[in-house]
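Just one chain follows, in the form predicted on its own, and it is written as structure tokens.
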């Protein structure tokens, strides 16, 4: 299967060569993230696409000085909502009604259930829940990049507060949760490039309950 071949090909690139990825491929990767499933369909996050080299240079020191930050083509920052609010929930439900062209009683009851639940929770709990949804889209982006023959490096090793400040995320009600440099591997500098992929066997990973 082509997709599985691509997933066997991909790895977390430890060095990138600075080559630019086409805007078409980037758009496809972002679209895959946009189409990813999220809890209640709320999509409680945004994706910041950093093309500006100066911004990447500013982020690198607060991301353990990892070279992929500056040597990538595009840096995707997945930033989750800092909390759930009535306005944010209503906006997504209203969008659903607008696109589908009708209101559904069950859907409206579900809206009221969320409105009576999420906004009353602790903001940190809500952020953690939203961040989990961002990770689903993050995974979709990684898979889409592999399908496009483009390298990525999932990065959690960074100072979120510092990245938030550089990008002005807190003012937008967002908090960065994970970074994704997108580019092409530097085969001369990447120590990982020729090493075999290591994963648990299916037997060790999967339990079948019949």
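Residue numbers count along the first chain shown, from 1. Quick caveat: nothing in here was measured; it's all calculated off a predicted structure.
Just so it is clear, the following notes concern the form predicted together with a small molecule, a form of the same protein that is not shown.
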Heavy atom within 4.5 Å of the small molecule in the predicted complex: which of 127, 118, 93, 135 fits that? Just give me the one. 135
So which stretch, 153-161, 167-175, 48-56, 32-40, is the one near the small molecule in the predicted complex (non-hydrogen atoms, 4.5 Å)? 153-161
Is there a non-hydrogen atom of residue 145 within 4.5 angstroms of a non-hydrogen atom of the small molecule in the predicted complex? no
Although the small molecule is absent from this view, report whether residue 14 comes within 4.5 Å of it in the predicted complex, heavy atoms only. yes
Given that the small molecule is not shown alongside this chain, does residue 66 nevertheless sit within 4.5 Å of it in the predicted complex, heavy atom to heavy atom? yes
So, in the predicted complex, is residue 200 in contact with the small molecule at a 4.5 angstroms heavy atom limit? no
